[in-house]
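Next up: a single chain in structure tokens, the form predicted on its own.
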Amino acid sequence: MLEGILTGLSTALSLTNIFMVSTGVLSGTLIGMLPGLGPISAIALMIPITYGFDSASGMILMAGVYYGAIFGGSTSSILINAPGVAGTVATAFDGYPLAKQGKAGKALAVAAYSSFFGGTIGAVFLLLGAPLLARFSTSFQSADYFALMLMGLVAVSVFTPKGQFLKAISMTIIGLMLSTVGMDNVTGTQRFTFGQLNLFDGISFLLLAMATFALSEALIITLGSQHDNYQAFLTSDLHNLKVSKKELKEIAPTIGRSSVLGFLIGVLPGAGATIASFLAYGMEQAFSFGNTKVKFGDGNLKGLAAPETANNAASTGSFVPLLTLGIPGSGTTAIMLGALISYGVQPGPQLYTESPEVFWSVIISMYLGNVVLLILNLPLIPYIARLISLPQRFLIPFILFFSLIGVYLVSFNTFDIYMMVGFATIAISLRFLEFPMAPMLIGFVLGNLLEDNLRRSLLISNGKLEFLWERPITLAIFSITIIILTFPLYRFIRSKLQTKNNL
């Protein structure tokens, strides 16, 4: 192992590969800021460019683009409520309210620090335990995945502000319902498409996220209901990146917890940065409930740090099944798997013995890439943050343009534009009624995974429910879910007892 690490160091620290990782993270950051152009598209475009490079340099460049895009996606989420990539949707929940309060610089700085530590801790875990973690990831079965997805749905819905539990559960169910539109992955049957060909492939996640966040936000500002908040944009201290010692102490445990959770979720094939960020956000609500002055969704720093840490740690973790088992953990790593094979390198258990320069140099370059990201982005934050000081007549068309063009560039289908406007209109009505949007998106993201793993579990158990308690991992996750689900009842009883004692 030590010999492999030394080989990786000499490869990753060559001038060529330092240039590759710097180019990759810079390109990824810029691409991540643009809604619709995620890391999958960027890496697919990079493959022909890397054909003239050796396999280690090519993988270092593409890895840099990957976590650079996740890092960059937070910028548009925080500034204009338009998530650049799916993994940064949860960042907008508290990042955008901070920007509206005139703290855009601080929000971007917290996101930068959280991303750096999440990616760095993930890189250390990857360096020390890749083979062991590979065995851990293969031990997860369909029942465990189903239990994990269910826990994620319940956690985010339960830990909502007092009085909004039913609204959150309702929105989660709506998200689950929307996820069923399109072709059934098992039988090939069309579901809830109403004969409309444009719905055969289902509803795009990007379409739903942009409609419920960016487009609806722009329309609400246009209607004038957010005029007072918008004035905070114009008076923001954009150069104030200072995060106080008290705030750093507050978010430090969050970064630690979210790094571990994000990395472990990333290790699981098929999970990825999006699910990791949502689960980390829900977990942080659980840990912080009742002990915070600022509510989640109103600009809580923990609510910003948790998903930003988790999505970068998960991006690093997704390389575990790719490099050690040859199993892509996400759509992005599936593209990278194809690139590795095209270089003549066979990923799998023998990779770190047969091609140690590829295996170890990619891992070490991740730490180097996170350092480069921090150095590149911190000085640029005041200039990037000035985007929100644009006059309203420029800012609103800017948001509308990126919302619409981002969705159109994914499918090149005008029907998606019409559907997006329809969802945005409905979202505006729901937001006026104080229905939270986050549970709906989480239900939508986890819906297909939840259904697929439930079907596999029932198939393996011949339609019986024993799979819920047969495996210790599944039973443990379900037990935690039940405890979380009973929390609103406990909160209700406690408030009644406190009221009775006060009388």
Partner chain sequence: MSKNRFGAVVIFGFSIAYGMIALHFPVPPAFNDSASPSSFPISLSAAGIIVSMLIFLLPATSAATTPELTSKGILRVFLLLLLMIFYGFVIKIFGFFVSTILFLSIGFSIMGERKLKVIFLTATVTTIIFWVSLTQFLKIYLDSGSLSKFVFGLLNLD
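Residue numbers count along the first chain shown, from 1. Keep in mind the model is a prediction, meaning the values are calculated, not measured.
Just so it is clear, the following notes concern the form predicted together with its partner chain, a form of the same protein that is not shown.
With the partner omitted here, the stretch from 295 to 303, 87 to 95, 375 to 383, 413 to 421 that lies within 4.5 Å of its partner chain by heavy atoms in the predicted complex is 413 to 421. When you look in the predicted complex, the only residue of I174, L368, L261, M151 with a non-hydrogen atom within 4.5 Å of its partner chain is I174. Q190 is the sole member of S342, Q346, Q190, N198 with a non-hydrogen atom within 4.5 Å of its partner chain in the predicted complex.
The candidate spot formed by Y408, I428 and E434 is fully in contact with its partner chain in the predicted complex: every one of the three has a heavy atom within 4.5 Å. With a 4.5 Å cutoff on heavy atoms, K167 counts as touching its partner chain in the predicted complex.
Looking at E357, you'd find every heavy atom of it more than 4.5 angstroms from its partner chain in the predicted complex. Its partner chain is not shown here, and in the predicted complex it never comes within 4.5 Å of any heavy atom of K500. Under a 4.5 angstroms non-hydrogen atom cutoff, its partner chain in the predicted complex has F492 among its neighbouring residues.
Applying a 4.5 Å heavy atom cutoff to its partner chain in the predicted complex picks out R431, F432, L433, E434, F435, G447, L450, E451, L454, R455, L458, L459 from 431 to 461, in order along the sequence.
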